[in-house]
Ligand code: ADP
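Okay, so here's just one chain, in structure tokens, the form predicted on its own.
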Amino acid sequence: MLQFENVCIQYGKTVVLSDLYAHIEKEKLTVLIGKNGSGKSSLLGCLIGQTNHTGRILLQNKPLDAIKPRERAKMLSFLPQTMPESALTVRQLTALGRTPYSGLGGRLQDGDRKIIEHSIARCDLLHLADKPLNKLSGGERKRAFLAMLLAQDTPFLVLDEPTAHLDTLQTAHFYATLQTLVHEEKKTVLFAAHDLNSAFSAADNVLCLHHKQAVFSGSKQKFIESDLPKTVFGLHAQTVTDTDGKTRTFFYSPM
């Protein structure tokens, strides 16, 4: 559904990524990982025209740069790492997710309003729907932007470190929402993360950046069984089975 072919990113004389090839599997939750400065945000920025690059990116087998912005916004939604503190209310922000369908300043239909309210409810924000974003906590504001993405209702969602600054419970709830989108609503999600333990509890697949390239693109289990946790991060991986029968992987330092 999303393919990177020979993608290169360079800032001046500094090469960030070179000859990158990767395939993001449809209807899977893929975590993008790599050490700080490995190019995760730069790669995601290519998807919204924020990062200049060479090579090709295909979305649903179409060159991304050949898709008109409004049509692209119906196919792919993006949650940046840093979100502005706006005076917009949660409901007003969420309504912006319907812009690709109604147009800027367009009239919302009854169907749009139902989607907006449903998106707010799914993010547990109905009690804050009329509160300005600049009066919310960091976690509440992040959920408000997720509500906007849900209202946009795209088949592909991209999120840059969506759980940064969230506590453990908020992170678990956020990832549970993403899992529902993928496994029940057949969405495709690509998200960058720096906390391997929480991210791997949610992810199906892994895209790993190292030394300016994609060194792994595939299933979570194959990544865990490889030497990459140690060679890229200096970590060991251990998989355990909980009392509820679920398996979980923990990454830890041998020091």
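Numbering starts at 1 and follows the sequence shown. Note that the coordinates shown come from a computational prediction; the quantities given were computed from them, not determined experimentally.
Below, we turn to the form predicted together with the ligand, even though it does not appear here.
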Verify the contact flag for residue 69: yes if a non-hydrogen atom of it lies within 4.5 Å of a non-hydrogen atom of the ligand in the model of the complex, no if not.
no
At the 4.5 Å heavy atom threshold, is residue 36 in contact with the ligand in the model of the complex?
yes
4.5 Å heavy atom contact, residue 205 and the ligand in the model of the complex:
no
Using a 4.5 Å heavy atom cut-off, state whether residue 42 contacts the ligand in the model of the complex.
yes
Could you check which residue among 16, 237, 232, 24 gets a heavy atom within 4.5 Å of the ligand in the model of the complex?
16
Counting any heavy atom within 4.5 Å as contact, can you tell me which stretch out of 210-218, 197-205, 58-66, 28-36 lines the ligand in the model of the complex?
28-36
